[in-house]
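What follows is a single chain, given as structure tokens, in the form predicted on its own.
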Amino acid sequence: MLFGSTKVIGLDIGTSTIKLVELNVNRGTAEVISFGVAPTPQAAVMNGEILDSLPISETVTRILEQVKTKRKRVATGLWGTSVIVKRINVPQMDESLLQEQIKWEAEQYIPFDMSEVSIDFHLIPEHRSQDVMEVLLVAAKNETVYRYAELVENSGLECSVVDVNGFALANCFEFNYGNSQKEVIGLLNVGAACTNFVVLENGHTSFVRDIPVGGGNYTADIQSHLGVSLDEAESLKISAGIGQEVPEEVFDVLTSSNELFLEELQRSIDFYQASSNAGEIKRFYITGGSIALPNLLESLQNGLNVPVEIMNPFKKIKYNDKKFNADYIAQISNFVSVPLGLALRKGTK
């Protein structure tokens, strides 16, 4: 979004893991030709902010050595506090004039000096009247954008596209499911530190928000209530998620954590509905490395009272079966939607 190029590698830098995807995209088809993942260096990323770029660059370099890609251009995504996405109204105007006008409109909504931020926008076609048009305003501090670009370049690559993880999630969904849905759909990507929440209206992205709750909160809750170390709490959470035997109180904590997650999500849903004339969200698709948490899907479905379905990022995206087997693809499917959405990007030259 903030930069553009073609044939990019998708690079997703999360709190827990760093994921890299390379796709062959041709005439509406896409095939995974390389994929790599490694743990994120401890304390290098917090709430989407890059705190220490050097160990991240070193990790990306190791992944590149494993996947042996020849591409150099990268699309990476901002998330958490590193990016601001706001839904705003602007006067009706020709779209060719909007690029310049949006800078003046942004001053009302962005709490930073305009000379210190990079601005972009996404038009919401469903909410356009004779006098007003609605857009999603996207802003990131230049310092933050440069930090992401710096770590990419220190890995021997070229930062070609700086996107937003929420938009990348929507991009992956639309490629796999099409953009012709007539109902309002919610997307959730439940990560370690936050959950990307996206709303699609008639196949168009109309709302993006990062909720500061993820799998790490569940681990912290177990640690606090059971008085164990963080590593022990993480182990108990994972064991509960795969059906291994754990103390009953672990499930009590996880149930309580599910309720807190639902409360945070409901607040974001309420905010979306208060800022939109669209109808209620009729269906959710969920993905992310933390969706294996016990009873999370059931808790969301019962609490939201709408169908909640696991998103399949490989519904239409294919993979090279000489390099990947079906079991491996099944193992990674829950946490590749964002890097796949980034790898699908083709900016302008």
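These figures come from a predicted structure and were not determined experimentally. One-based numbering along the sequence shown.
Unshown form predicted in complex with a small molecule; subsequent notes refer to it.
**Student:** Even though the small molecule is not shown here, does it sit in the model of the complex so that N176, Y319 and R345 each have a heavy atom within 4.5 Å?
**Tutor:** Checked in the model of the complex: no contact with the small molecule for any of the three.
**Student:** Answer for I242 alone: is it within 4.5 Å of the small molecule in the model of the complex, judged on heavy atom distances?
**Tutor:** Although the small molecule is absent here, I242 would touch it in the model of the complex, with heavy atoms inside 4.5 Å.
**Student:** Hey, in the model of the complex, is P313 touching the small molecule, heavy atoms inside 4.5 Å?
**Tutor:** No.
**Student:** State yes or no: in the model of the complex, is some non-hydrogen atom of G216 no more than 4.5 angstroms from a non-hydrogen atom of the small molecule?
**Tutor:** Yes.
**Student:** Is there a heavy atom of G77 no more than 4.5 Å from a heavy atom of the small molecule in the model of the complex?
**Tutor:** It does not: once the small molecule is placed as it appears in the model of the complex, G77 has no heavy atom within 4.5 Å of it.
**Student:** Of the residues A220, A278, V228, I238, which one places a heavy atom within 4.5 Å of the small molecule in the model of the complex?
**Tutor:** Exactly one listed residue reaches within 4.5 Å, namely I238.
**Student:** For the chain shown here without its partner, which stretch in 86-94, 263-271, 68-76, 188-196 has non-hydrogen atoms within 4.5 angstroms of the small molecule in the model of the complex?
**Tutor:** Partner-contacting stretch among the options: 188-196.
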